[in-house]
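Next up: just one chain, as structure tokens, the form predicted on its own.
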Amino acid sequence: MRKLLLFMLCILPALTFAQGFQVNLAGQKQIGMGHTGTGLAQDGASIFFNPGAMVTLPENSVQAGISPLFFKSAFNPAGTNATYNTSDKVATPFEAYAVFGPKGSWWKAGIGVYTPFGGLTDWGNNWQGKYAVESLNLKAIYFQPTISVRLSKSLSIGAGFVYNRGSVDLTRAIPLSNSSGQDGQAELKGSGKGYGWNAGVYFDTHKGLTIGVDYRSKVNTTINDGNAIFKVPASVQASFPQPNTFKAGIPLPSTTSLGLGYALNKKWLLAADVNLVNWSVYKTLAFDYASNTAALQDTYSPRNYKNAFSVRGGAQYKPDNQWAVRAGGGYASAAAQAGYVTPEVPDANRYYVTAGLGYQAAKRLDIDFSFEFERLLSRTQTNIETQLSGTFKSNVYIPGISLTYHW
């Protein structure tokens, strides 16, 4: 069995490649172990990572956590020494899970609320790419009621329905100046909904090795009647009718995951995940305005994302029943192809390292901490649509904490 695990760990780098605006902050224990969890049954976060593992959890539980995300990006325009930096703003991905069922039963039920996609980028209104974007605040909150069933001593399955509540707030400058020389501005703000599902299979060899496969479906999220707000000089206001609304849709891609877990002994636990994200569904960012004029036409900005992969690995060491130390890391490929990188999501290949600490604060109460540093590789691009040309460099810092009550 060890040879099989080592063989699969060896081939994982060959499968390397994932990201765009996917967040992947769904559980503190799992973050600490490099975002692995498809082949593990650690806690209620199995609702996200693999619903098939949920029924194998030894206890019922409720847990909640948050991972403040500090995104730091810089842009150097081509042929200049200038540098523009994003503002210091903090996104707040969170997760909450509840798992219930008779002890030792063949079934468990649960519900999860988590944020698998999102983005918070603010370049300000005085930078070279302001006509492409000034700021973006994108959120996707998934609600997932889930059922998990044990089919045999070793095999279990699970599935959940997904309801997404999404919102977007995007601003960009309009090249129409007023008497003070200030650009006009467009703000597109609205919320919408979408539906999907999450299903997984979990297999426990009872010889230390556990295997999981999970599929999270695409969620088409549609925004109807969003507010389209235009601030332009009075002389051209008739060309930008107010009030106005827009309709937009964004496909949040499916993710297929394969994960392994291996308990070397009672103290050491190893894990590895490989993920395929079907980003190729994201072809266009389109806004359909309710009222059009010769100056205000519907927009269709090409994105042409490609499928992407990620590989992850991690370990946990428990010196005793009260403490757990975790570490991990991974690599993910960019979804944005050359020529389609945009400042709202300056996508690039990336690597990351993580660490975590778990502490049993009381008989039924656990507290878990995590930290992640993520570096996006420097990427020099000329966008096909906007002709914005230059080099993006980005880093991400993500501390996290969660509390779990179990019985």
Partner chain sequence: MNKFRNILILAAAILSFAACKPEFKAPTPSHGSANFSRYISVGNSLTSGYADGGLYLEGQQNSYPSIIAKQMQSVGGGTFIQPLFSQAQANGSGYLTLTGFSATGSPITAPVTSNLAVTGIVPIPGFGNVTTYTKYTGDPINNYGVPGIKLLHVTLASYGNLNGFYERLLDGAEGTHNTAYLDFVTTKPFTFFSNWLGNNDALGYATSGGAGDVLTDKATFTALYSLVMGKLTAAGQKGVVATIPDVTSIPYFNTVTVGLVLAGVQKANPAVQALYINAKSSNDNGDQTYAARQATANDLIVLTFPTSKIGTLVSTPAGMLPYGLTPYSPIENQYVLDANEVAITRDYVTAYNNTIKSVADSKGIAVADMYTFLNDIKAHGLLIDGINLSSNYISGGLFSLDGVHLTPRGYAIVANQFINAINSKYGSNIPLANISSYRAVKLP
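Residue numbers count along the first chain shown, from 1. All figures in this text were calculated on a predicted structure; none of them were measured in a lab.
Heads up, the form predicted in complex with the partner chain isn't pictured, but that's what we're talking about next.
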Worksheet item: Three residues, 122, 241 and 302; all within 4.5 Å of the partner chain in the predicted bound form via heavy atoms?
Response: no
Fill in: Among the candidates 292, 205, 224, 178, the residue which, in the predicted bound form, approaches the partner chain to within 4.5 Å (heavy atoms)
178
Discussion item. Please identify the residue among 265, 80, 152, 321 with any heavy atom within 4.5 Å of the partner chain in the predicted bound form.
Written reply: 80
Fill in: Exercise: residue 276 in contact with the partner chain in the predicted bound form, heavy atom 4.5 Å
no
Worksheet item: Does the partner chain come within 4.5 Å of any heavy atom of residue 192 in the predicted bound form?
Response: no
Discussion item. Check residue 369 for me: does it contact the partner chain in the predicted bound form (non-hydrogen atoms, 4.5 angstroms)?
Written reply: yes
Worksheet item: Is residue 281 close to the partner chain in the predicted bound form, meaning a heavy atom pair under 4.5 Å apart or at it?
Response: no
Discussion item. Using a 4.5 Å heavy atom cut-off, which of 123-131, 248-256, 211-219, 152-160 contacts the partner chain in the predicted bound form?
Written reply: 123-131
Discussion item. Residue by residue through 88-118, which ones have a non-hydrogen atom no more than 4.5 angstroms from the partner chain in the predicted bound form?
Written reply: 88
